[in-house]
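Listed next as C-alpha cells: two forms of one protein chain, kept apart as structure 1 and structure 2.
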Structure 1
C-alpha cells in the first residue's frame, strides 16, 4: 500500500515538474524515520559533492560500495603548509581516503568530503591545486589561446572578422560599447582591460562548469570573493573627491554642521557599509546563481536514481525521458545564465567605477 502511494506520489510530482524537488525531499525526510523508505536514494550528498571543491578530479566510480570499487579520477597536487613546513604530494596518495599520508612528523588524512586534516590537529594552510584551481587554470589557458588567436587574426584578412574572431569580437565590442562606455564615461579606456578580462574569465568558467564532470568554479564563493574584492579595490582607489564626499559628507553644504552631526551618526555607518555591501552583493549573486543552476540540474538528474531506488529499473526508465527533457531545458537556461551572469558582474563593476569617478555637475 505504501509502495503504491509512493508510485503515485512520484509520478504525480514528476508531472508537476518543479514543485517535485521540494516535495520529494520532504517525502524523504519524513520517510527516513520509517525503515522501508530509508532505502530511497538521497541525492543531497552527491549533489553537494558535485558542487564542492575536491582534491582530485573525479569523473565516476565503478562498483561503488563493494570491496573492489574503482574510481576514475585525475589526481591533483596537494600543497599544505603546516606549522611552517611545506608538504607537497599527489592526492592519489590518499587512495580515495583509504590511507593516510605521512610527511616528516605530520600525518594527513582526508575525510569523505575531501577535507584534509592532520591527525594530531595541527593547523593546516591548504594551498592545494584543487579541482576548482585546476579547472580555472585550464579555463585560463583556453581563454588565452583563443584570445591570442583572435588577436593574431587581425593581422591577416584586413581585419575582417572570421571564424572564432567573429564570435569573440562582438562580445568585446559589447563590453566596450554597451557596458564600459555608457557607465564609466570618457575615462573608460583605463578600466577596459580589467572589465574585459572579468567578463571573459567569468564567462569561460561558467561555460566550462556546464560540461559533464567539470568543476563548479564560478559557483565557489572563494572565487567570487576574489573578483568582488578586486572590483571593490578598483572602485575605491579610483574614487574621486565627489565619491568620498558622498560617503563622508552626504548632505553637503545644504545645512550647517550642527544640524548634520546627529544625522551623520546614522548616515555615516550606512554609507561606509555601502562600500562593502556592493561587492558582497556581487560575490553572492554570481556564487548563488551558478551553484543554484548546478543544483537544479543535478537534482533533476537525481530523480532517475530516486525512481530507481523507489520503483525499480522500470521506474527509472519511465522517469528518465521526463528528467532528461527538463535537464536539457535547464541546460539551455544555464547557457543563457552563463552569459548573463558574466554580463551582470561586468556591468555592475563598471557601474560602481562610473559612480566613483563621476564629476560633480
Structure 2
C-alpha cells in the first residue's frame, strides 16, 4: 500500500509539472519574469474551461512565443440539423474557433464558449458528441465490461469472489444490505437494479473526472438533472395511496374540513412542491460537490502561475511546495468524495422510494 501511494504521488507530481509547463504564458517563455513587465495570471478562464463542456477533448497546449501554439486534443463529431439538413463533421474543422465550416448554403461558427451557431441565424438542433457525452459513454462501456465480467465470474466460480469480483462484490452487497433493504423494505429487489446502476454510474464518472485531462461529467448540471428526473419518476409512479394521500390530505381525518381549509392553503402547496424539491436537492448536491472539488484543486494549482507572473520564477518555486501539498491533500479528499456522493445519491433515492411505497400501519 505504501509503495502504491508513492507511485501515485510521483505520477501526480509528473502530471502536475507537465501541466504547469504546458500552461506557461508566452511572456514567461521569453524570459520576462519581472513583476513590472509581466501581467498577473488570471486563472478564471482556464478553470471555467476545465469544468465546462466542449466539442473536443483537450488535454494540453504547448505555447512558443506570442502566436505559435500547438493543441493536443481529440476532435469529436459535430452533428447538426439545420432546417431539415443533417450536417456531420469533426470539431477540428473549426480550427479552435479560427475558421468557419461551410455545408451547402449553411455556414457554422463556434465561439470561445463552445456554442455553435449558423452565420445567418438559422435554427439549429445540436446532437453533437461533446466531451462530457464521450466521457459518459466511456463510463457506460467500463460499467458494462466490469459488471459483465463479475456476472461471468459468479457463474464460473459458483459465487466464490475472485479477481475483479472480489472488489465489486462488497460494493454490491453494501448497496443491497445497507442502502436498499433498510430504506425500501421487502420490495427492495424490484428497485435494486436501478440503485446499483445509479451507484456505479455515478462512481465511475466521479473517478474518471479525477484523471488528468478528464471531463467533469458529474459536475455538469444537465447530467445530474436527468438522474434526478429518473428518481422522481420512479418514486412517484411507485407511490401508493398512502403516499398520495399524505400529499393531498396531510392532516388526515383528525380534523373537520372547516378547520383544515385554512391550513391546507399553506400545506398543499408545500407538499406538492416537495415532489419537485427533493429531486432538485439531489441534482444540486451532486453537481455542486463535484464542481467545487475541481475548482478548488485548479485554484490551488493556479497559485503557482500567479506567483510566477507576479513575483517571477523564484516566487513560483516558493509557492509550489505549499500549493502542491494542498492539492495532493484535496485530491485524496476528492477520492473520498467520489465514493461518498455516489453513496448519498443512491441512499436518498432509496429513501424517497421507500417513503413512497411504505404501507400504512
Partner chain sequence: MNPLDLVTPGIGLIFWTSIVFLLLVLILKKYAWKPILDAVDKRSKSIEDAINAADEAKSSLAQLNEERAKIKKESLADRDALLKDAAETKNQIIAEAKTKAKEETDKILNSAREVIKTEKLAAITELKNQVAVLSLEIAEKIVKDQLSSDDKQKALVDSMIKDVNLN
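In this text, rigid core is short for the largest set of C-alphas that superpose within 1.5 Å between two forms. Values in this document were obtained by computation on a predicted structure and should not be read as measured data. Numbering follows the first chain given and starts at 1.
By the stated condition, namely the form predicted together with its partner chain, the first structure is the one that fits. Comparing the forms between the two structures, the C-alpha position of residue 125 differs by 2 angstroms or more, with the core used for superposition.
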